[in-house]
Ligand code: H79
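Shown below, as structure tokens, is a lone chain in the form predicted on its own; questions about how it binds or moves come after it.
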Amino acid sequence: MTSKKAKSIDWFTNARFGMFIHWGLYAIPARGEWVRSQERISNEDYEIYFREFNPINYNPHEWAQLAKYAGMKYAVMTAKHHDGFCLFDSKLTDYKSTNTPAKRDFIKEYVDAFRKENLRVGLYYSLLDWHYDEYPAYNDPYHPMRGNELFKNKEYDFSKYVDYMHGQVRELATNYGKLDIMWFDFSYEDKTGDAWRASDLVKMIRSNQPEILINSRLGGNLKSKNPEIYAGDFATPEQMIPTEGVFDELGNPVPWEACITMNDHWGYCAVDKNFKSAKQIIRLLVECVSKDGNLLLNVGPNAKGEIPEESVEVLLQIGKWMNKNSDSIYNCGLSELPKPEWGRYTKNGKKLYAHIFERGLGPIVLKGLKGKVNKARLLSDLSEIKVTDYWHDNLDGQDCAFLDVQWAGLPDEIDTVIELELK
């Protein structure tokens, strides 16, 4: 990795926590962002939402303040999703937010608002496009008009679509100031790598945005010892966390970011109330960091432009925990110690953070740390915790240090963090 590339990814691997925003016309039917594909809705029948879209309560400054309070350091917002609708003022299509009753460039407002809060900004761009006329439909596995006889004999010039897609990405890379992330979604079957003219696309993006990070969904193999130019800067496991992090063929760590939903949809779904708790999400964040990864947590605003109350409530609870414990997240990563039975470790230099999820009986045992801990403090208030290398006869001889805690339960049921200063 070149020093310039390493420098530009440093902020990302230090940040650890970001906000994903899935928003568009699909907030009106409110059945998730794949509604067109799942219900096979034609362009004509979907048009009603375009003519109606007017999110009067869209206030990206509030979104940015919420993300910042929750402890997030960056955000990624959908500039265009699979339905082809653009939340930015593209000169290459009429199918954009500036032509809806809203008459606003929502992406411009987003990047300005998030930058004002000193958050890094990223844009999501869908490689698929179910609205564009030259995007193949009949034999495509996802297109709303797949298998539709009216499209069976339709001729396509896919190169026209690829030209259009490159043109739109160029607009995003040149008209919205410095971008920190370009997040593509997604490659499949023969639509991968060269089919997108991905090498040219990446060269164009980097010529306009030299420090930008690009995700791994243009195709290629990021884990190869000689990855393609378009293989990306970081891997993007979706709705799961890798068992041991992500490594290339030579065993070197690969930067990665798990993207997860708060409920069961990315885009707003009115009936989906299956929200994860703040406790679940904080522990997922800790798991990601303990494996050298990031967490990109999604919100799906509604048709008025409001982040759902349930999501806001969870983010506020996460923020409350982060306010006291973020030293164990930012700039932290993998420790060389195996996963302890009571929780997880994260590490930053000489500081080792014990994330205690379960309170057993007696002392908290730190395997492999006998004689290695200088001092221990409860991170939330920096109160002293006694640390000793000996605990009664039956545990002598083991390579362990012991935290002599006086609590019957945990001070913080979500995650009690103890900062260990190593010798």
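For every residue, the number given is its place in the sequence shown, counted from 1. All figures in this text were calculated on a predicted structure; none of them were measured in a lab.
The discussion below concerns the form predicted in complex with this ligand, not included here.
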Which of 30-38, 51-59, 352-360, 372-380 sits within 4.5 Å of this ligand in the predicted complex, heavy atom basis: 30-38
Among the candidates E117, D185, E109, D327, the residue which, in the predicted complex, approaches this ligand to within 4.5 Å (heavy atoms): D185
W256, W266, F85, Y230 - the one with a heavy atom within 4.5 Å of this ligand in the predicted complex: W266
R217: touches this ligand in the predicted complex, heavy atom cutoff 4.5 angstroms: yes
Contact flag, F275 vs this ligand in the predicted complex, heavy atom cut 4.5 Å: no
Proximity of F20 to this ligand in the predicted complex, heavy atoms at 4.5 Å: yes
Any non-hydrogen atom of F234 within 4.5 angstroms of this ligand in the predicted complex: no
Site check F247, E287 and K347: each within 4.5 Å of this ligand in the predicted complex by heavy atom: no
Heavy atom within 4.5 Å of this ligand in the predicted complex - qualifying residues of 97-124: Y124
